[in-house]
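Here's a solo chain for you in structure tokens, the form predicted alone.
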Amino acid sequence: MNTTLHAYSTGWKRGLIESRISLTTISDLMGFIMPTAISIAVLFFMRGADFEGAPVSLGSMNMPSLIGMNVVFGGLMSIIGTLSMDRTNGTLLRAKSMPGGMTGYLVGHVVATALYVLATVAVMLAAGLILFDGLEFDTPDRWLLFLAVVLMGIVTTLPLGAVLGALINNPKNMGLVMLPVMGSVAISGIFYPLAALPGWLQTIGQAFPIYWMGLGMRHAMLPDTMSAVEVGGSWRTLMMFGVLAAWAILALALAPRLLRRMARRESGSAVAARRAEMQRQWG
């Protein structure tokens, strides 16, 4: 028990240290600021565009969706990228060699990624409330719904990222995950209402958590009349939480097994082979 508690405590401290380092590293800060700033700027110039007489502009409509997308995208890709890089540079092997090292390693990355996602959400929320009209976010039930959806998204996407990261043994294979994720964004109603797409694309889009995160954010931040442009003409709150919970349960069931299998396969020779392969491919 003491070893487990020590591992969790060490992981928590590691996550805080990683976050502090990121906040003082120019490249990490630019990687955080630039995509967020570009997304907000694009939506800002969409303020004059409307969707079939909706009470808010297309920019205001897409701001909550973009927050939901960033929760999913940040949670998935951060964990996947970290696991794939650390398998190549030997960090995972060093963690495996220490008592409780794998637990501390994973807790640290979960904490750092969750803080990164929360920081992104806070920045985008502040920008949205200042720059966009029509967002209704001034009652306790809106705040509670917003926080519940964000936390549900983090609980869903972090273990899902761990599942996918455990299946990728080389950073060059990141595209195998990146392309499907970007494809799901295109058909998940993030930048245009899902109801405007063909029925078969609507069905596919609703299979992924990114659609339900966007729906939950829109419910929390947009007028209730905006539910008319959604699939079924309603926010489907219970279904939204149910689908996200189902993805979370599935990911939490798979992640420990896949991560244990990944750790068992780590060895000095495996790390050396990956480094040699990267040198051959990338010069």
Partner chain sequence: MGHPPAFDGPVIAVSDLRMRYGDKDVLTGLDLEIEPGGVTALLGPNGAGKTTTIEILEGFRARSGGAVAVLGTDPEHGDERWRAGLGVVLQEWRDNGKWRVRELLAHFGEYYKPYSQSWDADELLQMVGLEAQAAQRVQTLSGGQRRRLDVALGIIGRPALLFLDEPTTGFDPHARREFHELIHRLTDLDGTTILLTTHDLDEAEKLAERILILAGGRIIADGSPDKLARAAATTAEVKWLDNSGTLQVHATDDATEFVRKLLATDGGTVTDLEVHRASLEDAYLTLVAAFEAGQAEAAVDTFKEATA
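Being a predicted model, the structure only gives us computed values, none of them experimental. Numbering follows the first chain given and starts at 1.
Another form exists, predicted together with the partner chain; not displayed. Remarks below refer to it.
Although the partner is absent here, residue 140 lies well away from the partner chain in the predicted bound form, with no heavy atom inside 4.5 Å.
Shown alone here, residue 198 lies farther than 4.5 Å from the partner chain in the predicted bound form, counting heavy atoms only. Within 4.5 Å of some heavy atom of the partner chain in the predicted bound form lies at least one heavy atom of residue 13. Using a 4.5 Å cutoff between non-hydrogen atoms, residue 93 counts as a contact of the partner chain in the predicted bound form. The chain is drawn here without the partner chain; in the predicted bound form, the stretch among 205 to 213, 98 to 106, 172 to 180, 157 to 165 whose residues come within 4.5 Å of it by any heavy atom is 98 to 106.
Site residues 3, 21 and 266 are all in contact with the partner chain in the predicted bound form, judged by any heavy atom within 4.5 Å. In the predicted bound form, the partner chain lies beyond 4.5 angstroms of every heavy atom of every residue of 198 to 222.
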